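Here we start with a single chain on its own, the form predicted on its own, put down as C-alpha cells.
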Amino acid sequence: MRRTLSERFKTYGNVFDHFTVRTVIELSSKLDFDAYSLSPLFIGKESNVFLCERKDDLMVLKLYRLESCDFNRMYDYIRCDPRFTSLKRQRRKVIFAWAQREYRNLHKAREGGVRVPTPYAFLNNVLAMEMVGDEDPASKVKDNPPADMGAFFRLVVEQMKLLHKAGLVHGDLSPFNILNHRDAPVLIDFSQATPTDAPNSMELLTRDVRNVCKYFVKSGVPADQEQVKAEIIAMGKKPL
C-alpha cells in the first residue's frame, strides 16, 4: 500500500501538514509533477526546499511552513511593499502573500534579464520553480567558490544593476543565496525583494551591497561598497 505524503515525510519534522499536502497534490495536478518523488534539498525553520521529478527533468518546490514561519517579521517587510498595502496581519494570509511575492519578484527579475530560477507557479504556501544546475542542483557560492573570484564579483554586481533597473532590490543578498552555476552567478530567495520605490528600498540596497562586498573582500577582491552602490543606483536611473 502506498504511503501518504504525510506518512512518507513525517521524519522531516512535520514539514507536511495536511493543508500543505493538499496544496502540493493540487499543484502537482496542474504542473504534472510526481508529488511522491519529492526529496529534501534544504529543511529550514521557515521554509523547506524539495526536488521533485517533472517528466524527464527535476524541479524545485519551496514550502513555507505554516506553523513556524515568523509571519510578524514577514508582515513588517511586506507592508512596505506598495503591491501589498491592503494585506492584513493574519498568519496564513501573510504567508500566502509571501509565496506570491517571491513568484512575482522572480518573474519581474527574469523579465529584466537577471539570472534567476524560472518560476512556474505558486499556490497558497508553495512555490514551484526551475532547478538551477545540470544533473545536480548548483551549489551556493559559499559552498562552491568560483575559480576567478574577481570575475565572479563583477558578474554579481552586473546582476544587481539589472535587478535595480528592473525596479527591485533583493533585500537579503549574500553568499547564501547566490548560486555558482558554471562559474556564473544565479540569484535566489526573492521573497524579501522589494520595489525600488518602497520606503525601505535604499536601506535594503545598502545591506545587500555591504554583504556582497564583505564576502569578496575576504577573498582578496577589491570591492568598494560606496562605488558599487553608486553604480547600481546610476543604472536604475537610466531609461528602460
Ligand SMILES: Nc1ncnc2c1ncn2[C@@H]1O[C@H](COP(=O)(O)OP(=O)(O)OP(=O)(O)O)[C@@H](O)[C@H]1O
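A residue's number is simply how far along the shown sequence it sits, counting from 1. Note that the coordinates shown come from a computational prediction; the quantities given were computed from them, not determined experimentally.
The same protein has a further form, the form predicted in complex with the named molecule, not shown here; the description that follows concerns it.
Interface residue among 149, 132, 162, 123, judged by heavy atoms within 4.5 Å of the named molecule in the predicted bound form: 132.
Only one of the listed residues (46, 34, 183, 26) places a non-hydrogen atom within 4.5 angstroms of the named molecule in the predicted bound form, and that residue is 46. Residue 179 belongs to the set of residues with a heavy atom inside 4.5 Å of the named molecule in the predicted bound form. In the predicted bound form, the named molecule lies within 4.5 Å of some heavy atom of residue 41.
Contact check for residue 115: every heavy atom lies farther than 4.5 Å from the named molecule in the predicted bound form.
With a 4.5 Å cutoff on heavy atoms, residue 167 does not count as touching the named molecule in the predicted bound form; it lies far away. Segments offered: 151 to 159, 75 to 83, 137 to 145, 107 to 115. Contacting the named molecule in the predicted bound form at heavy atom distances within 4.5 Å is 137 to 145.
Highlighted residues 193, 196 and 232: none comes within 4.5 Å of the named molecule in the predicted bound form, counting any heavy atom.
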